[in-house]
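In the form predicted alone, a lone chain appears below as structure tokens.
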């Protein structure tokens, strides 16, 4: 079954005396069940607007969307979602255990179900040691853990996470990555936005990239970045300074390494093959040859640079970011 479908989903903000802000325009997107889908874009691109639409926090100006075949405007759709905002809000005087109890009651769970929910979630997220501490003194990482726990209350089949790794240190980011993969292995669908593209590349099957409120690309990461090397790195030793000097414009960059080694970067495989021949003729020793593939970050940057055209004021990132507040 398809977890998320949007058809022409759009959101326009209007205010008296100002031009309308088209925060999201004609979004057509499909996310399959049990998929980890990364939703990417610059600040103000429309990611948070999309998430608010999917969770029923705001209503679309045009178009429609459905979660597991149920229209997003119905309460039944919202029952299937566990939501974690970028800045989770908590009642500061409550403890993690009291917080989970509170949200479990909102889900309509019985006393026995609430107790079972706490036992399962606290074990999964390692909350037992901080179960009775007030949230007001928690660090960013601890708050993210509690926020993730709240999203899991009621065992929803779809998790929508808005910047779950924002502001976390490397260990905190690793924790969230592992949690997302655990949820996928338990059969859940995870739709999340992020600016940490290396994390997205590591755990996502597919990604969608928004540019100024429009979906600019959507596919498997391997299909987006392709398999063509953007450059080739060659490491060799036994090369004298005269050989390096004669290379001229053949190499993009050169770095001298310890023990007489050299790292040379050339444009493509043809240039790499020619340089290997020259290294052998000069009596050098080839240590490695490594094609450098385009990364998701490279592709993301290329998409953004390609979209840097003159935009009307209401489409500028700052205006969109303000509209999403």
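Positions refer to the first chain, counted from 1. It should be emphasised that the depicted structure is a prediction, and the values quoted were computed from it without experimental measurement.
There is another form of the same protein, the form predicted in complex with a small molecule; it is not shown, and what comes next is about it.
J.: Verify the contact flag for residue 60: yes if a non-hydrogen atom of it lies within 4.5 Å of a non-hydrogen atom of the small molecule in the model of the complex, no if not.
T.: No - in the model of the complex, heavy atoms of residue 60 and the small molecule never come within 4.5 Å of each other.
J.: Decide whether residue 38 counts as a contact residue for the small molecule in the model of the complex under a heavy atom distance cut-off of 4.5 Å.
T.: No, no contact at 4.5 Å.
J.: In the model of the complex, does residue 42 have a heavy atom within 4.5 Å of the small molecule?
T.: Residue 42: contacts the small molecule in the model of the complex.
J.: Any idea which of 263-271, 25-33, 62-70, 43-51 reaches within 4.5 Å of the small molecule in the model of the complex, heavy atoms considered?
T.: Stretch 43-51 is the one.
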